[in-house]
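Next up is one chain by itself, shown in structure tokens, the form predicted alone.
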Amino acid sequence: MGLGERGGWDKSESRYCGVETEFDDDVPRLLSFNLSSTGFDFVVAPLTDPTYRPSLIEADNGSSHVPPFAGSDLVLSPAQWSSHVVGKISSWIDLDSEDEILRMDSETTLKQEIAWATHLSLQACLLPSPKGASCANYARCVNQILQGLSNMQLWLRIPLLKSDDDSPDVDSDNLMDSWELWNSFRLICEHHSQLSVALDILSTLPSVNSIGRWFGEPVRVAIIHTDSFLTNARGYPCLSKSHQKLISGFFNHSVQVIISGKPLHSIPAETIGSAANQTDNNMNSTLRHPLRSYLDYVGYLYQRMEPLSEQERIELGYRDFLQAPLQPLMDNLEAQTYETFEKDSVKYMQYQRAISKALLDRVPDGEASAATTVLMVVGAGRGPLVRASLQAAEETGRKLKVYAVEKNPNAVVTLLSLVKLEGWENVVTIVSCDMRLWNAPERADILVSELLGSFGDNELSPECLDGAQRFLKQDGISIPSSYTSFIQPITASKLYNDVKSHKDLVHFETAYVVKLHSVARLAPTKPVFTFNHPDYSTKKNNQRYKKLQFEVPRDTGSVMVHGFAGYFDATLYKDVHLGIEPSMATPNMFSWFAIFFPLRQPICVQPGSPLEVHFWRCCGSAKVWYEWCVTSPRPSPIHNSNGRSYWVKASSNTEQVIVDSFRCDLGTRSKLRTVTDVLRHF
């Protein structure tokens, strides 16, 4: 039984709630008490008797022995073990102890319990938190185990704790940031994808910025202790506003909740029966689980969350999946891709607004009946911008002559049919040609295009519009008139591991389109490259270089930078803009996802240390590519030097691929998908 479904469609793992239990050698009874009669979905239970020590058994018996596991594997079905039990590794183990006997006992027990959990086909085991700041031997042993695991996840228990530097009651010599503990552990384990975090939620929370780091880390569960709950006016447990916000954030990131601890709230006797009846009419109030009121409250938080919008529901399955960038200059788009982009009504409304303003500026009211504005749509596709232009002309009462220029012969077929269907033959002229090769019969007053990529210029909008600019009047208007790319450093553990899984250099030197979700945005965005149109400069050059310095807020603590998220913002005309830069993104627009530039080796940034990054846009005779590197706090290699791994071909040739050396597996094993594949599901 989950916490309740949001709108009857939610399949998120976060709707399942577990309970941490004590050791019980009667596992069926343990499950019956905590699951069947209560509503919890799984138990986190110790696998062996907590008094067990291998060295004591060996001293008594002097021979091999069988650890005191919690019952035979036959007491539950394989499905029950897998679905309802998470193994809790003995909490006493300390693999970094100075006591050699304890250290050896700990290593033996850890390996025995993991082996038993593997035999039971458990989905996950909860590892105890490291006992001190040094965890090298513990991490080494876990890393050994990870090399042999097939599917099971290991959840490392980490308290959500960070002391504030300026807190008057904190000893500066004993400042504690539990993220540092996790970071040391996962670095020793080489960012292994089966090592995750189980966050212990305490009664006091660190700063919002410090908490934000964890949303880019592989957090699988949040363990809420009963002593973290407050008491409401009716005597029931509740959480503070900051705790509520944190748990809601975890729900949105598919993090499961586990209730831990003993009941600390005395529910008024007269309300126990009624509360139980409201929750489960078939449950006798005398059998009420002591932690039921905590589960009910967590369920209440889950059920009151806002349902996802239709757009979010469509994108749900594609969050944090790497996608090969769309290349409309090189490839002819398919009908399904056109159809998806044409559904983005917000984008075309913005274009229509911009064209209307340009028409009003171009033709005074007194000349509206006589003057005809020549408007060229370059890259017309199947005609949405042509329609937006004609609607703007009708809205403003201006006369229009439209040239629709499109290189895709398949889209031209649709355009011809549309013109005939709508009766636009006297207004719209269709040109089947690459805009850079067309010899226009006259010059345009307004040039309209939608050649922008996720990073603004990454689909070669500057090169295309430079080629088309020759048939724009000297005082003509380009829509868009300018666009700027932006980047920001992010923690993105999942994306990093997906790139790393390919085990080659090429994938680390490729920019990916991705619907960012499980990421931590570590600093505000900063502008990178800007392009203006029309550009009449005598020394026109689309190469760019930018050095940027980011400051991570000091109260965040140390952070791990896995790469950079890229966005764009475009000025269509005057005050009409569209874009995906987070602080000023156009609402409800879905034509673009962000772009991700990975780092071959993640960079750890300490509080107060600047993060300095360099970006280049390089242009060759036949291709355009990006290069990037970090120089502070430590230097990284130049990524994609000379466009060796990834580039955009600056020519229309459907027989060539954009990245000749980009040999990625697009099968079910790979997390890499093309944008077209994703859009088919919208």
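It should be emphasised that the depicted structure is a prediction, and the values quoted were computed from it without experimental measurement. Each residue number is its position in the shown sequence, starting from 1.
There is another form of this protein, the form predicted in complex with another copy of the chain, and it is not shown here; the text below is about that form.
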When another copy of the chain is placed as it is in the predicted bound form, which of 219 to 227, 527 to 535, 594 to 602, 232 to 240 ends up with heavy atoms within 4.5 Å of it? 594 to 602
If you check in the predicted bound form, is Trp616 within 4.5 Å of another copy of the chain, heavy atoms only? yes
So in the predicted bound form, does His65 come within 4.5 Å of another copy of the chain, heavy atom to heavy atom? no
Using 4.5 Å between non-hydrogen atoms, is Ser636 touching another copy of the chain in the predicted bound form? yes
Mark Arg103 yes when one of its heavy atoms lies within 4.5 Å of a heavy atom of another copy of the chain in the predicted bound form, and no otherwise. yes
Using a 4.5 Å heavy atom cut-off, which residue among Asp434, Asp344, Asp96, Asp555 comes into contact with another copy of the chain in the predicted bound form? Asp96
Another copy of the chain: the contacting residue among Arg353, Arg288, Arg140, Lys401 in the predicted bound form [heavy atom, 4.5 Å]: Arg140
Which residues within 40 to 56 place at least one heavy atom within 4.5 Å of another copy of the chain in the predicted bound form? Ser55
